[in-house]
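The data below hold one chain only, encoded as structure tokens and taken in the form predicted on its own.
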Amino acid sequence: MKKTLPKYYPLIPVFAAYLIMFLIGFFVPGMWQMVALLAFYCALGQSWNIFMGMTGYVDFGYVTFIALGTYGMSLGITYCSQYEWLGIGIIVIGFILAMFLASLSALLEAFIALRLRGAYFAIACIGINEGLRYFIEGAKIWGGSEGLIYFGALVQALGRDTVNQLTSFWADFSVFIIAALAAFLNMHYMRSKIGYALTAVREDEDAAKVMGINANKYKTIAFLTSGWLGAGVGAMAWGLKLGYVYPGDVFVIHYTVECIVVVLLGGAGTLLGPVVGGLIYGLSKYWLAVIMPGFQLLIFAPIIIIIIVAAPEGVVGLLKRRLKGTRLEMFIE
């Protein structure tokens, strides 16, 4: 037991950051929405980093999982809200559907895209994302381009007071739970056979295969895990919180770009990186939008470029280098 505990020390600053964020949002008036936004970016960064950080594969179609998570929750609420005896169980059913849809998508993408590398993999993921979006719109499934609006059905099934609590607090709180779970799984994979195999794949996939590593198996595990977590964020932060879903809103690729920015700012392949990147990106986006509405993207773009150029390994990578040889080194991963 004593030998296994030290390998989880890097989780301490991550969980501490999430706890501080939660306490600030809960006890400081007017801060909850900003903290919820930060938790959203941290959770997405942690989830996306599980696959990209370990394999080096850049999934530009990651928003597919977030979108399918949103649709899973919306379908569960839309079609099960008529059964009053289910009560809060419709949320559970929606979450299960979100995981099911994410699993189907991840396995399909693993079969098609994970056989490719580099730019070909990225293009294939984008193609799957866009193809699924236009299939939903063109075939008019799940409401087609008109989407699904189910907030009224949710209120009718659970009552306005319960829905207000779910959408204003519990949906955001669940994002904290998903972020913490993503951090734990990331740490566990890093210190397990899966992480070692994926590191070998990232460094030289052909050499790893020669050494007997089943690259497709381990890539699929990481891809599926990352997809589940992304779908969970979509189900709770979008599906439950908003009460509606439109394909033109949830399949937008710029959410994937935000994941990339968050991870690169903090440090790809690190545990603390997505948290630091999420805080930097979320706070900058929030305050610039308040101070200079309409100009935030124009100002934020050069800030990101400066940070990435100054610290190519990310803020946490730079911090690890500075703390090397000190007692604090064991807490930074």
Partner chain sequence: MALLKLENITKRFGGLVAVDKVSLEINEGELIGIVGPNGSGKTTLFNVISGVYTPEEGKVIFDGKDITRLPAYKRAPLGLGRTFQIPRPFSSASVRENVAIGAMFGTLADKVTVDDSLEIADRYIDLVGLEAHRDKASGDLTPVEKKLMEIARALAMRPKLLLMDEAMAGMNPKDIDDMVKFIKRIKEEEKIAIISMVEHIMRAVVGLAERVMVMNQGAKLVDAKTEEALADPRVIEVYLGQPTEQSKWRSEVWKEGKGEDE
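Since we're looking at a predicted model, the values are computed, not measured. Residue numbers count along the first chain shown, from 1.
Not on display, but discussed next: the form predicted together with the partner chain.
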Proximity to the partner chain in the predicted bound form (heavy atom, within 4.5 Å), stretch among 75-83, 184-192, 224-232, 124-132: 184-192
Residue among I136, A171, I260, I213 with a heavy atom within 4.5 Å of the partner chain in the predicted bound form: I213
In the predicted bound form, A207 touching the partner chain (heavy atom, 4.5 Å): yes
Heavy atom of T199 within 4.5 Å of the partner chain in the predicted bound form: yes
Contact flag, F251 vs the partner chain in the predicted bound form, heavy atom cut 4.5 Å: no
Close approach of Y218 to the partner chain in the predicted bound form, 4.5 Å, heavy atom: yes
